[in-house]
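Shown next as structure tokens: one chain only, the form predicted alone.
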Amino acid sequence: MRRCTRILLSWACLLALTTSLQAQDQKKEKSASEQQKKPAAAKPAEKPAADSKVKTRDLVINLYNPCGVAVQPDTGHVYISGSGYQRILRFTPPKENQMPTIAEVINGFPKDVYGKGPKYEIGPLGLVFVSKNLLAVGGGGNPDGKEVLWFFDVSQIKDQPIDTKAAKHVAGPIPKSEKTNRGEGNFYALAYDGKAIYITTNGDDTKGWIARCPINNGTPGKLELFIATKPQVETTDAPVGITLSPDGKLVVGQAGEINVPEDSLLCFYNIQTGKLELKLETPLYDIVALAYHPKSKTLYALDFAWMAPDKGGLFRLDVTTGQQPSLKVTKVLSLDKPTAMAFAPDGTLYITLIGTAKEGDKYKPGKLIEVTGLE
């Protein structure tokens, strides 16, 4: 069943306005399950964080396991992996004399279940733009060894959502081989340096692979395994969060085991050779996202903290290099199961949260939030 979701949000409202869905089947009444799929606007009040300069605002609520976010160049549109309902959403921030909107733009992704307890339904995961209109989407709904990387020309999306068959390019999969005993899947996070996309993957736990997909004039090449992280760091696998440092290093959060506290590592790899150049221990549980502030170049991390969600949140990471490298970790915000983040050019940070459902809740607990005032 295909439905096009279009929501007009008003900051003056305490709750969301009703989503307008255009049914493409013959049913005239929407089921309760379909009603639950509607993303919605949240309370408009801004909440000061522990640092009075930092403010947060809920932009979209009623999201189901959102697992990726990307800001489109030039337009400022925010794309969200609505992973639980296997779709991509586009949020348009408010402009002068215009209200913000949210629309379902891509659907039809496969579905899988991830985790050992709790378990989460997932579909599309990591997102990154490789040009103004070409959006790369990391898959999470296929079995290991069958996962792919989709590329969509979002300028072709008009009033109706498209499905995965409309992808402009598809790269992958990474099947079982002498390098990976299961094949790779769950393309969690994506980073792009203008030449290639780097993808954190899940498959062979003895290797902890990062994959790479070269991009030539907007066309993806072959998706291949690039860095086996665990043999280099020796202790911790599960690369999840990934970004590029201002000096061109590949920065990776090795999340470690979900049932082990404070075992995440912050690692810096040479982007040409894949060699580990710096490994720093952290007090974080499960690093799932990394991003540099576009102006200050400060590094931030999200900690999902599987075994202790109250410990999770947004953290500032101050790295000192040299003969005696060091890391200072400062908690900026407590967040309920954060999954992904992306900075806009002005320093506004967008974060997706899975959240925790409470008994009697009308809405799904997932959110897109905005964070301002970071340095």
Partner chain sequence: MRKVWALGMCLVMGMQVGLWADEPYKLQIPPGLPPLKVPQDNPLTAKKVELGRQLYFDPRLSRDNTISCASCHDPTKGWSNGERFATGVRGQVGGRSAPTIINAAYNRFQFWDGRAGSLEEQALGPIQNPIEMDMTLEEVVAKLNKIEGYRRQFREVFGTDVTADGIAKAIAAFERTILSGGAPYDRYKAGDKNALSPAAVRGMKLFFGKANCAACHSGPNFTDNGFHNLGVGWNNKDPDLGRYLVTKQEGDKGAFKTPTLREIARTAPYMHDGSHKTLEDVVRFYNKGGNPNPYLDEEIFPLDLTDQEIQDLVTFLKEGLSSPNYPMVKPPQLPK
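Please read these numbers as outputs of a predicted model, since none were measured by experiment. Numbering follows the first chain given and starts at 1.
Separately, the form predicted together with its partner chain exists; it is not shown, and the next lines address it.
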property: Exercise: Lys230 in contact with its partner chain in the predicted complex, heavy atom 4.5 Å; result: yes
property: Met99 within 4.5 Å of its partner chain in the predicted complex, heavy atoms; result: no
property: 4.5 Å heavy atom contact, Gln160 and its partner chain in the predicted complex; result: no
property: Distance check, Lys116 to its partner chain in the predicted complex, heavy atom within 4.5 Å; result: yes
property: Interface stretch in the predicted complex with its partner chain - options 252-260, 191-199, 164-172, 134-142, non-hydrogen atom within 4.5 Å; result: 252-260
property: Check all three, Leu280, Thr298 and Glu375, heavy atom within 4.5 Å of its partner chain in the predicted complex; result: no
property: Partner-contacting position among Tyr64, Phe315, Phe343, Trp306 - heavy atom within 4.5 Å of its partner chain in the predicted complex; result: Trp306
property: Contact assignment for its partner chain in the predicted complex, among Thr92, Asn270, Ser245, Thr206, heavy atom within 4.5 Å; result: Thr206
property: Interface residues of 80-94 toward its partner chain, as seen in the predicted complex [heavy atoms, 4.5 Å]; result: none
